[in-house]
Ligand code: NCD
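Heads up, the chain below is alone and in the form predicted on its own; it's given as structure tokens.
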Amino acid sequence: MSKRSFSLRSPLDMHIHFREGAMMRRVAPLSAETFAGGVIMPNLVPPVDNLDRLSKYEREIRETVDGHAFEPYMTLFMRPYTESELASMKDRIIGVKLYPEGVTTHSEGGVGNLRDIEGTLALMEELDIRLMVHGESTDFVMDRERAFLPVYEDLAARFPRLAIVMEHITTRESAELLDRHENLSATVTLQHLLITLDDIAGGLLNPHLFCKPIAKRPEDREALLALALEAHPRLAFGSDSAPHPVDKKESAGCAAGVFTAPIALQMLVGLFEEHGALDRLQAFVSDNARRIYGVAPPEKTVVFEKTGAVIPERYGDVIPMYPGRELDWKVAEVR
């Protein structure tokens, strides 16, 4: 399939980091310009884990993206919640995000023992509130997602009416697990469809490709790419776009996160065209998410033209994935 123009209807990013303050003002409009909505992560300092914090954060986001047709789908940071707390926020959130303690950025206050939140999980099942999971253990870094899979199996079996999202899956085994439980769905990032650990550390270290979960082996990437290209009905795009200032990335204590928000759709169009799957990109970046999450995003059409573009070297003090790289496709119009 070869085209010179291509359109997407109301694309969605089902996993995005907007941060707060000046960083939000820099990056959030870049997502809101082309995406019709996004699932906003709650791992701030302090985390989004109560009604007041949720309300203020949502208000800040809406003020920041004002003028764009963009709906922020809010989340709560997992902790033990009471029924009254969850009931008071149910209509304001798309789910509750479980971070195992210490596995990623600002997860120090995450869940150390799953037994501590079993009551909350039962309440979420009864109230029809989605569970969203950063699925890693504290094992050897390449095995952390694989080691977490029995937790997914256990939760899916013990809470069969609880909708569970395996966030940013990175392994072949996670891809296979998607078909074993009807209450499991997943998101996958742009970077995990493109790179392996070799791209990060096989030559000179590339800090701007370092994220958690870390990119894995070629066979893992190929399994994820196959799922995306077929637009598996329980898989949705979630960029996990995670901006950090350049001094936090190019440092001895390199922060985890790849910034892809402003170029993700252009790169996905190119990737799906390369594999003859442009007809399935609409499902992967929008239609599947609408069905899985039950959302109705604002109407927005993004028109792409195959006239070439160059990824900016930086957006303020944030460096994107592949700065300076030439792309085949550019955003020509948003209406």
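Note that the coordinates shown come from a computational prediction; the quantities given were computed from them, not determined experimentally. Residues carry their position along the shown sequence, with the first being 1.
One more form of this protein, predicted in complex with N-carbamoyl-L-aspartate (NCD), exists but is not displayed; see below.
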Practice problem: Check, residue by residue, if Thr104, His134 and His244 all come within 4.5 Å of N-carbamoyl-L-aspartate (NCD) in the model of the complex, counting heavy atoms only. | Solution: yes
Quiz prompt | Interface residue in the model of the complex among His208, His168, Lys216, Arg130, criterion: non-hydrogen atom within 4.5 angstroms of N-carbamoyl-L-aspartate (NCD) | solution = His168
Practice problem: Name the residue from Lys212, His181, Arg172, Arg146 that puts a heavy atom within 4.5 Å of N-carbamoyl-L-aspartate (NCD) in the model of the complex. | Solution: Lys212
Self-check item: Non-hydrogen atom contact Arg19 with N-carbamoyl-L-aspartate (NCD) in the model of the complex at 4.5 angstroms
Solution: yes
Quiz item: Counting only non-hydrogen atoms and a 4.5 angstroms cut-off, does Asn43 reach N-carbamoyl-L-aspartate (NCD) in the model of the complex?
Solution: yes
Self-check item: Any non-hydrogen atom of Met142 within 4.5 angstroms of N-carbamoyl-L-aspartate (NCD) in the model of the complex
Solution: no
Quiz item: Applying a 4.5 Å heavy atom distance criterion, does Ala256 contact N-carbamoyl-L-aspartate (NCD) in the model of the complex?
Solution: yes
Exercise. Look at the stretches 149-157, 108-116, 256-264, 75-83 and give the one with heavy atoms within 4.5 Å of N-carbamoyl-L-aspartate (NCD) in the model of the complex.
Key: 256-264
